[in-house]
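As a starting point, one isolated chain is supplied in structure tokens, in the form predicted alone.
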Amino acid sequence: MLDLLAQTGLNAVYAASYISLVAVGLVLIFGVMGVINFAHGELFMAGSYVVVAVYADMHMPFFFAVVIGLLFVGCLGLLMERALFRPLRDNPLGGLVASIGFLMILQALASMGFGVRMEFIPPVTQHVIWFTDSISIPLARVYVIVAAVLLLSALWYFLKRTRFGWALRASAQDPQAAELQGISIAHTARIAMFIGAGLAGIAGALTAPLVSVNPHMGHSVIVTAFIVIIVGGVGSLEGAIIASVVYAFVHTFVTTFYGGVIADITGLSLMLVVLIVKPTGLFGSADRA
């Protein structure tokens, strides 16, 4: 029994890693731009398809494909900022609707380019780290965990210790005051979109060899991300990370012992309980990013 609990815990750490990357990216975009990006799950999907194209089809090194995925999806974020969100800056509902339209475009492009079938990518490595005879973790999952820790630590340092990070947080907390201080709102919006989209892209790229890649894989990811940011508190990066860990552990353990459907219901119930007890989420406050 203890071995099963330990193995489930390792699986939950892996799940928390990629969920937190996606959720933090979504929170960062909302915090700075005030837009709920419904296409965020499709940015995750786009990162996975970059790996399909560069690693599986073109036989380039996996980590090269991951970097290309980050840059490509980050540039998609810049495109969204310029073409969709900037013209609709004063119209949050319009930005939301535009992101839904972009979501459909990305799905259609993926279907046209790769078909609607599931893509199974060759494994990056067959190596498995064994802790005991019954407790192990594939090295490919360790890559995801290490990348999440490094990227989120780098983001924390960027936001708390650099001039650009300070400008980003100032824009999120009070855009008008930030402009009076000489901060370009358009520039900080571009930075937020590139980082936020890039985090979703690299999460999709790193997990591509571990899941079935298809044009609709972003649906479950965006639902999970929304649950996480609501539980953590909309606009709170720290809340998104902690809620990702809580959700991943609850969902993984319930899946192991009671099945996936019960786990999904439990996750939604967790969100509803938090909304009833604390409508702003566990860490929700006026502070953003």
Partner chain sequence: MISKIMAAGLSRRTFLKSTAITAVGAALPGAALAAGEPIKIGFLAPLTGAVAAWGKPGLDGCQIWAERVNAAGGIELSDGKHPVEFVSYDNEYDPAKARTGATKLIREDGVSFIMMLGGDTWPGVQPVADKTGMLFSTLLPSDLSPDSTTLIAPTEVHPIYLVTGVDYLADTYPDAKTAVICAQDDALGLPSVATYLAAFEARGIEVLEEPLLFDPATTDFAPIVTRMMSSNPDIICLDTCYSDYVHPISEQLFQQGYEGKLISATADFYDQMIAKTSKEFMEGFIFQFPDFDDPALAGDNINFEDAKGFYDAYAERHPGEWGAVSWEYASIMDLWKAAAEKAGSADPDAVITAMKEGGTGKHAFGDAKWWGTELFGIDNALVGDWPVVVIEDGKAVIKGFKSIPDWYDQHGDLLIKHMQAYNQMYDQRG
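Everything numeric in this text was worked out from a predicted model, so none of it was measured. Residue numbers count along the first chain shown, from 1.
Below: the form predicted in complex with the partner chain, not depicted.
Enquirer: Using a 4.5 Å cut on heavy atoms, which of 118, 97, 109, 83 is close to the partner chain in the predicted complex?
Expert: Here the answer is residue option 118.
Enquirer: Select from the listed residues 181, 136, 173, 91 the one whose heavy atoms reach within 4.5 Å of the partner chain in the predicted complex.
Expert: It is 136.
Enquirer: May I ask whether 211, 252 and 257 each come within 4.5 Å of the partner chain in the predicted complex, counting any non-hydrogen atom?
Expert: Affirmative, all three are within 4.5 Å.
Enquirer: Going by heavy atoms within 4.5 Å, which of 153 to 161, 215 to 223, 182 to 190, 72 to 80 lines up against the partner chain in the predicted complex?
Expert: Of the options, only 215 to 223 has residues within 4.5 Å of the partner.
Enquirer: Although the partner isn't part of this model, could you tell me whether residue 266 comes within 4.5 Å of the partner chain in the predicted complex, counting any heavy atom of the residue?
Expert: The answer is no: residue 266 has no heavy atom within 4.5 Å of the partner chain.
Enquirer: Given that the partner chain is not shown alongside this chain, does residue 101 nevertheless sit within 4.5 Å of it in the predicted complex, heavy atom to heavy atom?
Expert: Residue 101 lies outside the contact set for the partner chain.
Enquirer: Can you work out whether residue 123 and the partner chain are in contact in the predicted complex, taking contact to mean some heavy atom pair no more than 4.5 Å apart?
Expert: Contact check for residue 123: yes, within 4.5 Å of the partner chain in the predicted complex.
Enquirer: Applying a 4.5 Å heavy atom distance criterion, does residue 15 contact the partner chain in the predicted complex?
Expert: Output for residue 15 is yes: heavy atoms within 4.5 Å of the partner chain.
Enquirer: Within 4.5 Å of the partner chain in the predicted complex, counting any non-hydrogen atom, which residues from 1 to 33 show up?
Expert: The stretch 1 to 33, when checked against the partner chain in the predicted complex, contributes 4, 7, 8, 11, 14, 15, 18 at the 4.5 Å heavy-atom cut-off.
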